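The form predicted on its own is given below as one chain in structure tokens.
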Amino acid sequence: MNSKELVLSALRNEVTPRTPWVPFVGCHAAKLLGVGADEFFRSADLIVKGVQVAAERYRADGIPALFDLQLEAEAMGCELQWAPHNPPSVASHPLADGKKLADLKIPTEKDGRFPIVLDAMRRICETTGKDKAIYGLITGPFTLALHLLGTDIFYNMIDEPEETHEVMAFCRDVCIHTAQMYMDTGVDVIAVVDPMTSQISPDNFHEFVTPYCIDIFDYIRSKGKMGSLFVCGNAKRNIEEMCQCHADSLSIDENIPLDYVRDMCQKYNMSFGGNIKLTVTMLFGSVSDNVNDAMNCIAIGGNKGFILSPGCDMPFDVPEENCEAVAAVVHGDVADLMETTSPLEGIEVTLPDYTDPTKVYIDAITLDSESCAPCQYTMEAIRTAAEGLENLVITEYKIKFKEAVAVMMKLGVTNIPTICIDGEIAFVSIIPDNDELRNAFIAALKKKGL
């Protein structure tokens, strides 16, 4: 059984001779090539080379051809903000800026960066894809709708449900067409990556996401391919609903207990994947931290239908030796890698003086609002709710930096994104509506007589 067969066997929820390993290498591939992410994501040659280098160096059993959740949005008119160490982020929302749904069209092979990406995918499938499973990642319908609408979608689900369904139906059709373009290049798996679904309730998921995901995964299956649903953030409340979306597999991050997902997925005869910690382990941890985390995940995941992977797109600066350590665990040659260091050794941080009577401190704990969609929209929600309010100090702590991880631990935060008000955890892994968030800010100001 070669690497590709191993991944596909696990996706079919079968017992495998060893745990398959799928590193979610996106912008990190740019680092391996010594180029910026802003250059990498716009070059077919770099994408191909990056995947080849990552797959070989990390002894991957499967690998995404590209990890860019802004590709479809850009092709439909969303402006992007580029960065050297992150994937691009969406900077404008056409449907919130005056365009009508009828003005938008489903992207084709000729739109945006699709010509570059499709060329790269074909070449990856013809080379790396000979013996490794190639994942084609598409932006899930809810996250894509949020790119088009902005945070208005959270209000529209309540105030304009029919219009929201129209947008979701359009995004479903975009997903299906994108999946078909990717399948035509020869990818083995279509992963529907919908991180923003961690921000809604099970009822809203059932109404506004489930029916459209079912259509997408049924279409993928009708073409003889396998489909995986990917979510990040604290989506535990929605896991059972996700298991009813007709996907073959569910992939989650560190915010959700792996044993809970294992038991829920096995109930629905689904495979599952995850959930090595992105920052504390992969970005900041030692080799031994990565060995231990990988071993723990494998012990929980077992040998039936489990795929070991990072919790999400790996940060740009993840040390190569940490990924190599995970590969060593998977391939059984870890003996020479062990060491002992703390990822936060020597890091000291000072929290704001939350008793300060002249200010209210709003702390947002994120992965990075420039690269994580739920984090981006959390920060947008904070800024919108704070408009016109004085004496607020808003700080984003990006846990891709060690100092922010130390702040996260001091505040007792365990999930991202989280909003704290004057040092107290207020909103965990959910974007509150504008009135609720603004009222929370106003109440904190009044408490201090401001």
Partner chain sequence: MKYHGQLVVMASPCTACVILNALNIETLDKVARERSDFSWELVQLMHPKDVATVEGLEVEKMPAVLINGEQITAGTILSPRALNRLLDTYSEEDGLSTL
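Residue numbers count along the first chain shown, from 1. Note that the coordinates shown come from a computational prediction; the quantities given were computed from them, not determined experimentally.
Just so it is clear, the following notes concern the form predicted in complex with the partner chain, a form of the same protein that is not shown.
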Handout entry: Q199 within 4.5 Å of the partner chain in the model of the complex, heavy atoms
Key = yes
Exercise for the section: Check whether Y354 has any heavy atom within 4.5 Å of a heavy atom of the partner chain in the model of the complex, and answer yes or no. Expected result: no
Handout entry: 4.5 Å heavy atom contact, D368 to the partner chain in the model of the complex
Key = no
Practice task
Using the partner position in the model of the complex, report whether I63 sits within 4.5 Å of the partner chain, counting heavy atoms only.
Solution key: no
Exercise for the section: Using heavy atoms only and a 4.5 Å cut-off, decide whether all three of Q70, T151 and C312 touch the partner chain in the model of the complex. Expected result: yes
Handout entry: Proximity to the partner chain in the model of the complex, single hit among F208, Y135, F284, Y377 (heavy atom within 4.5 Å)
Key = F284
Practice task
Name the single residue among T164, S249, N255, N322 that comes within 4.5 Å of the partner chain in the model of the complex, judging by heavy atoms.
Solution key: N255
Problem - Interface segment, criterion being heavy atoms within 4.5 Å of the partner chain in the model of the complex, picked from 357 to 365, 219 to 227, 275 to 283, 184 to 192 - result: 275 to 283
Handout entry: Any residue of 89 to 110 that, in the model of the complex, places a heavy atom within 4.5 Å of the partner chain
Key = S89, V90, A91, H93
